[in-house]
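Two separate entries follow, structure 1 and structure 2, each one form of the same protein chain as structure tokens.
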Structure 1
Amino acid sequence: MSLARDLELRHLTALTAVAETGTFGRAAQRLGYTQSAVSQQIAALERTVGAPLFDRPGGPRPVTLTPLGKILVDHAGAVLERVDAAATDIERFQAGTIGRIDIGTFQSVSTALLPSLLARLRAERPNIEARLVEDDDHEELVRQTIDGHLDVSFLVGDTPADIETIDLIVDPFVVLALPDVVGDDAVPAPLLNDTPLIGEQDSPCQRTVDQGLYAIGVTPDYVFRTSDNSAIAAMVRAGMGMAVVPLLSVELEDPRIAVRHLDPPIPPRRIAIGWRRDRTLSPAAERFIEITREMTAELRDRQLASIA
């Protein structure tokens, strides 16, 4: 007969119904039961509580709550209200209109992709909360995706088997130069050996660039390094030299800067979005993935159209 053990929500709704209608019969009618059923429910509740909850005056007069009944009704109201809140919350969550998404990302995605993705998500589902964890270390993102800190994460490179991924976009490394020092076609790799270069400060991305250059026989001669992408473009525009950067980080609209492929190319980064395999995603997260696929597909088409 311990209270928390045997208490049932059904009994509490019956209690409030009787308290509000004043008779067992009307309460039963409201709940879709028989009078007998409500009578037994209240009796059961009184048994678990150990004392009467209603005074039954007999005859056609309405029953009234005992002092104990009043107390329990108050609590019942609070409990049922909380349950109701849970119900609507869950409904909305399943409809995808509320929820929280923890997204793993790294710098180029953060600057080039995420703003428009999040803007669209926000426009579509304004009550979804997105949290970003930015880390340029691929392994760290993978780890947090596996242990559940992240719902989804943008990734490059290989991923373990228990991460499921969708390839989004291939981000080639391109050469930024002044239009008059390069032709309309791809830039031949040896040219870079005779040219001062502008680069990022040490970062996983920059290391990928350098390894790629060495692999095609280029020994880069950096005359300037910065962590600011737009500073790189400014340096190139000022004639300081050329730069090898991921296409994603390039503002494509500047006619004073030529964007050219390398020949032979450096292996491009393949950007994907991934999540823990066999873990259920929230509707919100699924929608985010879908939005990401759509918008990167559009971006891919524009990219192909805009580069020589």
Structure 2
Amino acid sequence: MSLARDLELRHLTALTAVAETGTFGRAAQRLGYTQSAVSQQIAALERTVGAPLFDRPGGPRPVTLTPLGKILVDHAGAVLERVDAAATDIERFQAGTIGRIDIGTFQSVSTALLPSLLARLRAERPNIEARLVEDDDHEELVRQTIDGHLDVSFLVGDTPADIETIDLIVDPFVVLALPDVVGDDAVPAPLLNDTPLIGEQDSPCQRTVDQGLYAIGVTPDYVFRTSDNSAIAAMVRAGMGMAVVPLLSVELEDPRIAVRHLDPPIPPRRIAIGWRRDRTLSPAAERFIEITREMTAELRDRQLASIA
């Protein structure tokens, strides 16, 4: 073990160069050293292993490897190849072109944001690996971020001091209805008291909706609950009732559903991306955050321009 600790890469580099060129002088030219520097490195290596590594016939004849030199030069080649590979991977990692990102998400972000975010990331850096963990429980995403299981996570709600966040988008709650049931303006809140509603099953988001509705004088009458945003939209399309949902969960291009603001509104969700404050992010994760900020700003502008 002590021998392995005493071996140095510069000595192995000199050994390989001399073995391949046959002379200390040509090895020095290849490495950009002086000949005496190469001789000193080989001498140090021979002291370390306790035996000569080259037979030196003198004169113009090339040096040749001893039996021990042949063994060591084979190992030296493998070690230097691994070091070169490591150096390449370090450069690629620092450039953000390789690596893995563990990302926390929840349903509406998974549907409305992540596909386009990941498509752009993969177009820029196809060797980045992304692993997604979806959970609609905000506290669970926070826990996994603090525990280090997630590099970054989309979050909605308050976060502890251990999490550093960047605000991405203010996500208003909107009303989904059939186009012939509502006008072009915002839906008056009292109208919802006389309308069957479609909602989520118990979740932090649905609890926010219910608290907001009660605060503006609406007592919701739910005729269907589901954990699937697409099922909510489908029931509205079927004429079963209206729904109050976050805008991010809405497919705005669907002409069969009207999307309207609520009057008065209930407090919107604030969506952020966060990571553990004392954790160093990889360049790939930093680039993912940059892309997320850029694309959510574009999405926000499109959303707000598309609803009454």
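By rigid core we mean the largest C-alpha set that fits within 1.5 Å across both forms. Here the structure is a predicted model, which means the values were calculated and not measured. For numbering, take structure 1's sequence and count from 1.
*Asks:* Which of the two shown corresponds to the form predicted together with another copy of the chain?
*Replies:* Only structure 1 matches the form predicted together with another copy of the chain.
*Asks:* With a threshold of 2 Å on the C-alpha, tell me if Asp167 counts as moved between structures 1 and 2 once the core is superposed.
*Replies:* Superposed on the core, Asp167 moves its C-alpha less than 2 Å between structures 1 and 2.
*Asks:* Superposing on the rigid core, do we see a C-alpha displacement of 2 Å or more at Pro204 between structures 1 and 2?
*Replies:* Shift of 2 Å or more: yes.
*Asks:* Taking the rigid core as reference, does Ser227 move its C-alpha 2 Å or further between structures 1 and 2?
*Replies:* Yes, the C-alpha moves 2 Å or more.
*Asks:* Please state the CA displacement of Asp184 between structures 1 and 2 in angstrom, with both forms fitted on the core.
*Replies:* Taking the core as reference, the C-alpha of Asp184 is shifted 2.6 Å.
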